[in-house]
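One chain comes next, on its own, written out as structure tokens in the form predicted on its own.
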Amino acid sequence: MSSPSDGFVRTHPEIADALAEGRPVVGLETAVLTHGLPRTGRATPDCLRPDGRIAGLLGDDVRWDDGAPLNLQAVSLVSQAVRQANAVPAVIAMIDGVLRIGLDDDELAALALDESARKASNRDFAALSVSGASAGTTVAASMHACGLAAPEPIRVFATGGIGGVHRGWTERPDVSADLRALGSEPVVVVASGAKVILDLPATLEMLDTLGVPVIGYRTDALPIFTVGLSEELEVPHRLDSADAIADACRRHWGEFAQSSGMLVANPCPAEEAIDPHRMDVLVDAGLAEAAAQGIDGSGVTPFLLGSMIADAEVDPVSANLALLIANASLAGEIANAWSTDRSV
């Protein structure tokens, strides 16, 4: 196990103290910061309206600067949602070749503006460390980092949506490392299901093959990122409280000695979800344009987001921000419930 001051893996003192004292901690990824959301400013997203549910998850101090980088403000609000839920946010990234579990505000701001920052999966740690690179961490990378935290591992992690089995996988077997991480890293991941560009039935089947419990939070249907709930796919299990989810985690890793992670599927808030039929049209058109331009792999998601932002009929940024905040808040609740009994 690493110590807070290990050379290539460092746990921020606030995170290390919280873990040592058994206080709730939530891991957060940074690929959304470096590659998921624009660095430009924008008007206040609809989801932050004062009378809305999302603003209520942030407490009394909801700030938005139309001219500040959107990506940085989004991650800051996600961290705020974790703190509002009485947990400590552990923002994970690679900075100058060092895997950092917890960042200061200045470090986070620098990474948000660093256009040379890479996107790191867990396979990339060693090479990026040797080259002294900075990078945002994917779900897979962040889950592994949670296990490297010191003096105790982080057990709860929040993100927007997981990667999975890509469309056309029968011709090109493109499967996200997120699924393998979920099958092997003992972390509970709170996400709004899988990203809409994926082959969702194949992704759900792969999670089953890998032995990953998929738990719908107050839903029987599979959440599909920004479009709400699937009309065809069901989740294997449903639990309706953070306490029940934390108890399931204890039994999964404790009494039943399982080693996989757990996926808690939390639907995008209904008032912010994008119409699924309009989304299908946009995704199909965006994928066709990406293919025509030779864009593939990790470049597809930001390309699609950019094309959707240009469409006047949808607001993917508001939907993304809403689900990120909602997932962080729920993760904070689960971390609180988990910290009451650290028997595993």
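All residue numbers refer to positions in the sequence shown, first residue = 1. None of these values were measured; they are calculated from a predicted model.
FYI, the form predicted together with ligand PSU isn't displayed, but the following is about it.
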| property | result |
| --- | --- |
| Contacting member of 139, 268, 93, 87, with respect to ligand PSU in the predicted bound form [4.5 Å, heavy atom] | 139 |
| In the predicted bound form, the one of 133, 248, 109, 177 near ligand PSU [non-hydrogen atom within 4.5 angstroms] | 177 |
| Ligand PSU contact at residue 119 in the predicted bound form, heavy atom, 4.5 Å | yes |
| Ligand PSU contact in the predicted bound form: residue 319, any heavy atom under 4.5 Å | no |
| Ligand PSU contact at residue 32 in the predicted bound form, heavy atom, 4.5 Å | yes |
| Residue 163, heavy atom within 4.5 angstroms of ligand PSU in the predicted bound form | yes |
| Residues 36, 195 and 225 all lining ligand PSU in the predicted bound form, heavy atom within 4.5 Å | yes |
| Stretch in contact, per heavy atom within 4.5 angstroms of ligand PSU in the predicted bound form, of 94-102, 257-265, 169-177, 202-210 | 169-177 |
